Structures are given as structure tokens and as C-alpha cells.
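Given next, in C-alpha cells, is a single chain: the form predicted alone.
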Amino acid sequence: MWVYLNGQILKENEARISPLDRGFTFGDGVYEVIPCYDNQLFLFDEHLKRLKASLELTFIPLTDEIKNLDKILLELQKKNKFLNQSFYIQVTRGVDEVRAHAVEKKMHPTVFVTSQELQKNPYRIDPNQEGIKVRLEEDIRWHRCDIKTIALLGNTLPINDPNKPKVDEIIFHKDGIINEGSKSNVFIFHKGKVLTPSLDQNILPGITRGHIIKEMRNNDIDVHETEISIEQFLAAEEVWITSSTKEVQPVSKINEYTLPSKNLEDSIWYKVLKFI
């Protein structure tokens, strides 16, 4: 595998990052994940806009690499040779001379990019198979989940808790209101309407989320960005998640509750999957 690091395309095992990089010592950085289908970057401009917003909100300078990110991705795409790839872009504040909370004035950001093969969504291969299993968890993360930060301990702890049943995704809620998944956005179909949590809740503005909301409205599907209570979530006819690498995937089980079965051709999630 080939990666990009601070101006160079290197073999993965040759890439070196300082242990005093603030991404390592503080989780002080942001990231973006961009899918590529049939050697074509998907929604690149939208992903780049979100990456720039994350940099601005964390006061990390915009580097020349980010200004020319499409060229870097296309070069890696050719080197790693996968027809479908997902690119991981990480930008940290840079390397400290001595670990300290306050940053040095002339620190240069560290830019790292890697890619991996993007497996085909299993629900494209067999949409009739059982949906994913999720678990509800109280949201204990910080209040700026709209920033795509690399500090993801709050996201990774619940899914790796050895004392709880294994699931495919965690759905976070706060004060009885659904927020988002640990690595996805959430939609439900309830009483004839598609509902998804509002960005006013400081959740991640998912690129796939935004794309399918736009496409649903273009196709006269009634969709609302609003608060969703736990009661509404559990009473929904359909629940699905979206992300850049998972696309659209239906939920079959929430905790111990199994959602009612529904004819595939009548399912909203299946219609939405065709928008990607």
C-alpha cells in the first residue's frame, strides 16, 4: 500500500510520524473520509468543504496539500490500484518540540492520506438479507460533534465494551433525543414521513446524509430534519444509517427489539439506496 505524508508518496511501512505530533499526544487534528467508485471521487467538493470547515473551526491552517487534495487522491488511486477505494485524510496541528497545551507560533500541520479497498455495500448485493443490529447508548461525547475530529474515544468505547452484546453500530441519544450513530447518521420512517436529527443538535453534517436528503426532496419523499425521541425511534416502521463507506444500510434490530418486516419494494431505505 502507498500513502501520502507531508509532500511525499511513500510505501506504507516507510511512513514516519513523530511521537510528539499533537495528533498522537492530544488527538489534536481533524479527518475526512472520501469514497471513490469506478475510479471517480464521489461528492469530492462537498467532502473538501467539510474538511476546510473542520480546519477552520479548530484553528488549523489550510495547507497547500489540502488546496490540491484531488491531485493527491488521484495519484494514490493509481498507486493502490483499487477500482473502488475509500481515502482517509488526516490533518493534525503539527509536531511540538516539547509537549505543551499551548501551540508554537510556527507549527506546520501534518498531512497524512491513505486509502483502502472499498467493499461493495452488501445490501446492494442482497437487499433482502437481514439488516444491521444497533444498540442505544447515552451520548457522553463532547458537544461539538459537528467537527470531524480525530479524538474519537467517545465513539469507539461503546462498540468495544466487552460486557455488552456485539452490534454493528451504536446509536447515541441525549435527554431522550436521538443524535447519530458512532460512525453514521440516522434516518427513520415514521407515520408516513422520513425523519432525521437536525444539525442544530451539533451532530456531524454527513455528506451522504446531505446528498440523500436533497435527492429525497427532488423525488417528492417527505423528509424532515427534526428531533426524534427514543419513543419515535422504537416505533418507526423503518430505521437506516448512512455514511460515506456504508452508503445506506437498514436496521433490523434495536437492542432486543426486532423491527417489523416490510416488503422490499415498499421500503423507503431501498429507494434511497438507489440515489447513490
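The structure presented is a predicted model; accordingly, all values stated were derived computationally and were not measured. Heads up: residue numbers just count along the shown sequence, starting at 1.
Keep in mind that the form predicted in complex with a small molecule is not shown, yet the notes after this line are about it.
Proximity to the small molecule in the model of the complex, defined as a heavy atom within 4.5 Å, singles out one entry of 77, 110, 114, 182, which is 182. With the partner removed from view, the residue among 135, 190, 173, 141 that has a non-hydrogen atom within 4.5 Å of the small molecule in the model of the complex turns out to be 141. Contact check for residue 198: every heavy atom lies farther than 4.5 Å from the small molecule in the model of the complex. Contact check for residue 212: no non-hydrogen atom falls within 4.5 Å of the small molecule in the model of the complex. Of the heavy atoms in residue 206, some are within 4.5 Å of the small molecule in the model of the complex. Put simply, residue 42 is far from the small molecule in the model of the complex: not one heavy atom of it is within 4.5 Å. Segments offered: 123 to 131, 89 to 97, 198 to 206, 160 to 168. Contacting the small molecule in the model of the complex at heavy atom distances within 4.5 Å is 198 to 206.
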